[in-house]
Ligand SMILES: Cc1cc2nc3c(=O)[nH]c(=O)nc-3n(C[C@H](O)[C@H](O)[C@H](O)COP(=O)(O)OP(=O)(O)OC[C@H]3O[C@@H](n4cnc5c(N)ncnc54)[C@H](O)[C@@H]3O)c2cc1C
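Okay, so here's just one chain, in structure tokens, the form predicted alone.
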């Protein structure tokens, strides 16, 4: 049932082929680029056993066993409140924000659970597979992530008109399962147990069937998988100077599938482009909640760093500074409002689960992502230029240079040089560092690019309400709705 942190560490010592910085990794849990996040994920597992945190991290299932709240199927508003509280507790415990640790990706499986009628049209076994996998995730407590984006190649061409491996596809069927080739970009693959691997929407045209329309659960230690990682931020500079980069860098990978066998019981949909399109359209129905919640915690970090910086020098008394702080507060509370309202106005899903109000959730995601660059810049202004000119930790420790830095970085008895240095280092890593730039880009694209966020809002918003109001207020004839109204209803039903 519930794993311990050490059991998780042992589970990824499975002989997987992981490469980083031109070397093949011998032991993922102890490698300096992966160890910080492995330790955080292990801590999350241990929090389910810790007497001080286990009540908030677990629930008792129908068999009387303790299970992880983050993996529980949501049926009530209380389920969502519990999930939100557990996620916040993790961030408070580890002292930062982590995006890919499992709770935010398992929701994609729940979208498949809702789409069983579509899967049944393809093959009833596929809907049975998704039910079995959801049960297995709850019982076995794996570190579950997801893989979506392919290298893609030339997007003006159909997949079959270029190197076919540019998009993941099936090359052969066997009695045991399907054999796949291609590659996916995936965060945390090097230290996760399994991934829900699904297609990027390809240029299928009007094809009803395609070898590229495939989704499955993949054991990341399977033969034929190569995990090629980008350079990590951990260890590149002292932790005293870069406290976030050294602790919270979630390493992204190109996961290569070199003729990998996927057993039939792990195949969730295959060939039918309608099934693949449906899954892509509803993929973030649940997982967007956890994603947006992380932006809320990031907003808290921006506010805290900025407010400490202006208070230490008394600038918080100035109206111009208070206005900038108020803008950060509006950003934070707007995210909070969307999350809270999405649960307060939650809706029954096709699978009888309780899904967050889709219009409110997706508009909240657009707000959180599109305003983030501006909010980071406001926080930079409030922190001031010292976050980019302050000397490093070693200079503060040196017997000669340290004396001068102690003098010029101490403000009063409450703000001595060491606390000031720590705050400036934290703010620099949050706002200005390579890690900060990487995180900003990741937040903009992690669940899909901005245009796709807006497309999802378009599909989920209730356009009938404004149309009805204006039709009545303006005294318009019913015929003005015409075919466009019927078309809008059909599109909404499909969504």
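Keep in mind that what you see is a predicted model, and the values were worked out from it rather than measured. Numbering follows the first chain given and starts at 1.
Although it is not shown, the form predicted together with the named molecule is what the next lines describe.
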{"query": "Answer option from 147, 379, 192, 262, heavy atom within 4.5 Å of the named molecule in the predicted complex", "finding": "147"}
{"query": "The unique member of 66, 454, 446, 467 whose heavy atoms fall within 4.5 Å of the named molecule in the predicted complex", "finding": "446"}
{"query": "Region of this chain that lies against the named molecule in the predicted complex, out of 340-348, 296-304, 324-332, 152-160 [heavy atom, 4.5 Å]", "finding": "152-160"}
{"query": "Residue 438 within 4.5 Å of the named molecule in the predicted complex, heavy atoms", "finding": "yes"}
{"query": "Partner proximity in the predicted complex: residue 273 to the named molecule, non-hydrogen atom cutoff 4.5 Å", "finding": "no"}
{"query": "Exercise: residue 59 in contact with the named molecule in the predicted complex, heavy atom 4.5 Å", "finding": "no"}
{"query": "Close approach of residue 186 to the named molecule in the predicted complex, 4.5 Å, heavy atom", "finding": "yes"}
{"query": "Check all three, 100, 252 and 442, heavy atom within 4.5 Å of the named molecule in the predicted complex", "finding": "yes"}
